[in-house]
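Next up: a single chain in structure tokens, the form predicted alone.
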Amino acid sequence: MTYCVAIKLNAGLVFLSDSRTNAGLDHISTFRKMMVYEKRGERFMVLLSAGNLSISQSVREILQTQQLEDENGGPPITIWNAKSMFDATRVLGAAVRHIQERDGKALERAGVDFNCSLVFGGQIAGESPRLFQVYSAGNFIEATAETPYFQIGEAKYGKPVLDRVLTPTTPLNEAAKCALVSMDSTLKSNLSVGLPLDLVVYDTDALACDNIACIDEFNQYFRMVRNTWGDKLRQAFDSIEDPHWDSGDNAASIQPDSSAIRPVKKITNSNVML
């Protein structure tokens, strides 16, 4: 499996991915899930992938040459000349469908599902940064102010901190820290996600990015984040009072007298029919 998260903010975009793939406990490999496409001053785009590795690699391979017909009679649309991230994402969706048409039946005969999840985001000159999630059928949705991030892969472990912290006005570096905490929570709970990590932090209207990092187990900042987050969680947990089993209406009572719903009843007669 894998875990990737991408965040869209007023200040820019954050992308983070792990690099572990596995086909069993004794067959673990490292493959990067992130691709960066840049034409400085004109466009900057990042692709994250999860799912079947052969499918996602095939999609990535043909994406740079995939073309869509221009309905207005212009030259074919590619990710390199698309005038909007929406059109660039349409090209990506066409690449996914191309691989499905080419390999789908063979995979089905082999008992393999066509499983591919993608996140594609960036900025093209003339519009604001945009972020999309692309599904196996090539269709996609766009991030909004109400949903400023997308996750693919093992998403459940890292979701709570994203929901509690992120808003469109969150500063970029704070969002990057949040993404790393989200990743650490996933690493802690799921062995199918692993280091090294790839991190990109993109500033709105830069149309280029040099804030790209590869994070391994020796990265001092990530080690500090892991240790600090674990320590603070423990401190927060210890600061919460244990439940009291005596009746009453104090804040620590787990059985308040004012509760409208009563506890489950005990069965004390073996002859009672349920």
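Here the rigid core means the biggest group of C-alpha atoms that line up within 1.5 Å when the two forms are laid on top of each other. Only a predicted model underlies this, so the values are computations on that prediction, with no experimental measurement involved. Position 1 is the first residue in the sequence shown; the rest follow in order.
Keep in mind the form predicted in complex with another copy of the chain is missing from the figure; the text below concerns it.
Novice: With a 4.5 Å heavy atom cut-off, would you call P160 a contact of another copy of the chain in the model of the complex?
Specialist: Result yes; P160 sits at the interface with another copy of the chain in the model of the complex.
Novice: Given that the partner is absent here, does S239 sit within 4.5 Å of another copy of the chain in the model of the complex, heavy atoms only?
Specialist: Although another copy of the chain is absent here, S239 would touch it in the model of the complex, with heavy atoms inside 4.5 Å.
Novice: Check whether Y135 has any heavy atom within 4.5 Å of a heavy atom of another copy of the chain in the model of the complex, and answer yes or no.
Specialist: Close contact is absent here: in the model of the complex, Y135 is far from another copy of the chain, nothing within 4.5 Å, heavy atoms only.
Novice: If we define contact as a non-hydrogen atom of the residue within 4.5 angstroms of the partner, is N10 a contact of another copy of the chain in the model of the complex?
Specialist: Answer no; every heavy atom of N10 is more than 4.5 Å from another copy of the chain in the model of the complex.
Novice: Exactly one stretch in 139-147, 162-170, 111-119, 88-96 has heavy atoms within 4.5 Å of another copy of the chain in the model of the complex; which is it?
Specialist: The contacting stretch is 162-170.
Novice: Quick one: in the model of the complex, does every one of C178, A252 and D257 get a heavy atom within 4.5 Å of another copy of the chain?
Specialist: All three within 4.5 Å in the model of the complex.
Novice: Taking heavy atoms and a 4.5 Å limit, what residues of 139-158 are near another copy of the chain in the model of the complex?
Specialist: If the 4.5 Å heavy-atom criterion is applied to another copy of the chain in the model of the complex, 139-158 yields E154, K156, Y157.
Novice: Taking the rigid core as the frame, does N10 move its C-alpha by 2 Å or more between the shown form and the other one?
Specialist: Stays below the 2 Å threshold, so no.
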